[in-house]
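Taking the form predicted alone, here's one chain by itself in structure tokens.
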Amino acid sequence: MSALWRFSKAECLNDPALNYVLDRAIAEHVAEGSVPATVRFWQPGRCLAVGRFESRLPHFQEAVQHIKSQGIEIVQRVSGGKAVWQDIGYLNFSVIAPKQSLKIGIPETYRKFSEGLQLGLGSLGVKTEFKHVQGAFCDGPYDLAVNGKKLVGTAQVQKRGFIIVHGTILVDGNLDEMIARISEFYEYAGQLTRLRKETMTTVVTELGWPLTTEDLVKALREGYQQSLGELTEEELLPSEWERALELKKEVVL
């Protein structure tokens, strides 16, 4: 491998499904050793991303068709967890490593691969902690919160050969729209959910001043370089993009 850790900003805003499956394509290449372990920051594009187990909901297909009827793409991600709304004002992160290199449990993996986020956000003056914030989107015990309010949603998947820890950072997104879209999906899927705006916050709200995505990515990259080591920016291989195009059909609902 050309570097211990690779840094990537590869994204495709106009194709949310391809954006999501890039994680899986990268992970397969990491597992076979053809590319280094990778830290990726990417803007997701407008879509609703649901966890891989949400298809068990009683009226899942009806909910999917309702969302699609509004011209909104719905994507099934490789990790578990609940639905996450994606649009302008959100930044996703992915940390992808070979499984054999990390012989620790799921909680420790979350902590190790989220440390860079905490360091980067902390350098901006935003101090986070792991906290399960009930009433927030896709709530779970390894999300990052500020003063009890959710700021970053995280998810993890471990497959043969690779580990992915990825998630969504609320930069300055529209929380009202997110709540409405997610609530509507679950209403049609037959599972009532109650999201509360006061349980969530954004980076811009916490800072009190505007922040560009470029500046946020710069701070987060520096945070990961403190926690993981040097990150060398490299283009994805053509074979990674080709594999993502093959996988795309599996996640578009």
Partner chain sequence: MAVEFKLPDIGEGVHEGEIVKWLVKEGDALKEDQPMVEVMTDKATVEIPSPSAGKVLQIYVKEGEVVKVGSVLVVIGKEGEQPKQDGRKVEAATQPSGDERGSKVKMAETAAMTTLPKGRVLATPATRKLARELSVDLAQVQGTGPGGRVTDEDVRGFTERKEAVPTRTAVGSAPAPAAERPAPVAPLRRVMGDELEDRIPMRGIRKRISDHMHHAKTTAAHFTYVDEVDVTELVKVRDELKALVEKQGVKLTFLPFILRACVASLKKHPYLNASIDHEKGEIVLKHYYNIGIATATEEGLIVPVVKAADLLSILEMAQEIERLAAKARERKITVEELQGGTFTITSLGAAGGLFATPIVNSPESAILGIHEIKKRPVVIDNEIKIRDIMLIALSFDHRLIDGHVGAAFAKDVKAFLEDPKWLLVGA
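Because the structure is a prediction, the values reported are computed rather than measured. Numbering follows the first chain given and starts at 1.
What comes next is about the form predicted in complex with the partner chain, which is not displayed.
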Legend entry - Stretch in contact in the predicted complex with the partner chain, which is absent here, among 218-226, 25-33, 186-194, 38-46 (heavy atoms within 4.5 Å): 186-194
Inset, instruction - Using the partner position in the predicted complex, report whether N174 sits within 4.5 Å of the partner chain, counting heavy atoms only. - result: no
Inset, instruction - Determine whether any heavy atom of Q158 comes within 4.5 Å of a heavy atom of the partner chain in the predicted complex, and answer yes or no. - result: yes
Legend entry - 4.5 Å heavy atom contact, C138 to the partner chain in the predicted complex: yes
Inset, instruction - Please check if G148 has a heavy atom lying within 4.5 Å of any heavy atom of the partner chain in the predicted complex. - result: no
Legend entry - Within 37-55, the residues that have a heavy atom no more than 4.5 Å from the partner chain in the predicted complex: R52, F53
Legend entry - Relative Cα spacing, I104 and E54, in the predicted complex - shift of 3 Å or more: closer
